[in-house]
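The chain below stands alone, shown as structure tokens; this is the form predicted alone.
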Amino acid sequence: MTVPFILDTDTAQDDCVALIAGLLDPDADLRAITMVAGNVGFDKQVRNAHLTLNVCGRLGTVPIHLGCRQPMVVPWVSAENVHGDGSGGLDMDFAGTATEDEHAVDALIRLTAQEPGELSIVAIGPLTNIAMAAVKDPAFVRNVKRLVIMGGSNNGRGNITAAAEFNFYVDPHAARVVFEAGFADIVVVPWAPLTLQDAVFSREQLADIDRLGTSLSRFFLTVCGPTLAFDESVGIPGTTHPDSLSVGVLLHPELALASAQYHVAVETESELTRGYSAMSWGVHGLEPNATVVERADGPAFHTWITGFLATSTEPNRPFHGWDS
């Protein structure tokens, strides 16, 4: 039985890989893509989603809904210093590519209301769209089956400040709303320590992907190239893949080797610790509101990624800017 879900994304680098997984994993039933302000300029993110659909031969087959172009309260902050344009300079003819007229927040509300308790959401960008949907229609919270969130650190280091992971830092108010909204099933895939332990692909593993020789493996290496350079410059021994791991945790729960119940709260007021995720592990008298993944099966995750990257696809349109 396939898993129906919506991917809420700020498409760049590993978001593209997460989208490929949602399109090609036989257990996935990707109903819609909703776009949120995050990694790179909003219009670049939309282009990156079309580029990813194209490499899968799926251009125009999954609706793309444009969502919030700004965080709820604070100004938008990009990660273009990490991801560049998010696609490694890839380009194509975008003539005739289209997005839906319906706003992403309305699409999230409508789609989950049509099948209450059946659709899950994987949110791999800032949580602006999810928070706005919860504010606009409280029934949305009840209608979502499972909300998988890539964000925060489990009382660990950040990746945009010493205290904060990027997604929660960009829109801390949205993250706070989401964790206080009362979703029945939230699963958190945090940046640290989980991603840094179990979702980094080394140069050797990237070489395995290169040897696949498919359009998908070439696309993967191209979009991840700028991030690899950045990660290695700050001491991370490879590329980081928490977004695709988040999709993997939804589709294949066995990838999560250890999880626990936590009360997750997000700091919104302090300049020093804006976006910090305080994850209480059960000794502070706080009611749990999320399951936090503590350990993932890194080798199985790599095998899963390489499995669908080995798939032969025919892009709908030729690419410009392939690495030689």
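Just so you know, these numbers come straight off a predicted model, no measurement behind them. So that there is no doubt, residue numbering starts at 1 and follows the sequence shown.
Omitted here: the form predicted together with another copy of the chain. The next part is about that form.
Just one stretch in 251-259, 49-57, 276-284, 26-34 has heavy atoms within 4.5 Å of another copy of the chain in the model of the complex, so which one is it?
-> Within 4.5 Å of the partner lies stretch 276-284.
Of the options Gly238, Gly156, Gly225, Gly89, which one has a non-hydrogen atom that comes within 4.5 Å of another copy of the chain in the model of the complex?
-> Only one listed residue qualifies here, and that residue is Gly156.
Quick one: from Lys136, Arg203, Arg211, Arg142, grab the residue that has a heavy atom within 4.5 Å of another copy of the chain in the model of the complex.
-> Going through each option in turn, the one that passes is Lys136.
Report whether all of Gln45, Glu100 and Leu119 sit within 4.5 Å of another copy of the chain in the model of the complex, measuring from non-hydrogen atoms.
-> Negative, none of the three is within 4.5 Å.
At the 4.5 Å heavy atom threshold, is Arg176 in contact with another copy of the chain in the model of the complex?
-> Output for Arg176 is yes: heavy atoms within 4.5 Å of another copy of the chain.
Please run the contact check for Met132 against another copy of the chain in the model of the complex: heavy atoms, 4.5 angstroms, yes or no?
-> Met132 belongs to the contact set for another copy of the chain.
Is Ala162 close enough to touch another copy of the chain in the model of the complex, meaning at least one heavy atom pair within 4.5 Å?
-> Answer yes; at least one heavy atom of Ala162 falls within 4.5 Å of another copy of the chain in the model of the complex.
Indicate whether another copy of the chain has at least one heavy atom within 4.5 Å of a heavy atom of Val234 in the model of the complex.
-> The answer is yes: Val234 has a heavy atom within 4.5 Å of another copy of the chain.
What residues in 45-75 sit within 4.5 Å of another copy of the chain in the model of the complex, counting heavy atoms only?
-> Contacting residues: Cys68, Arg69, Gln70, Pro71, Met72, Val73, Val74.
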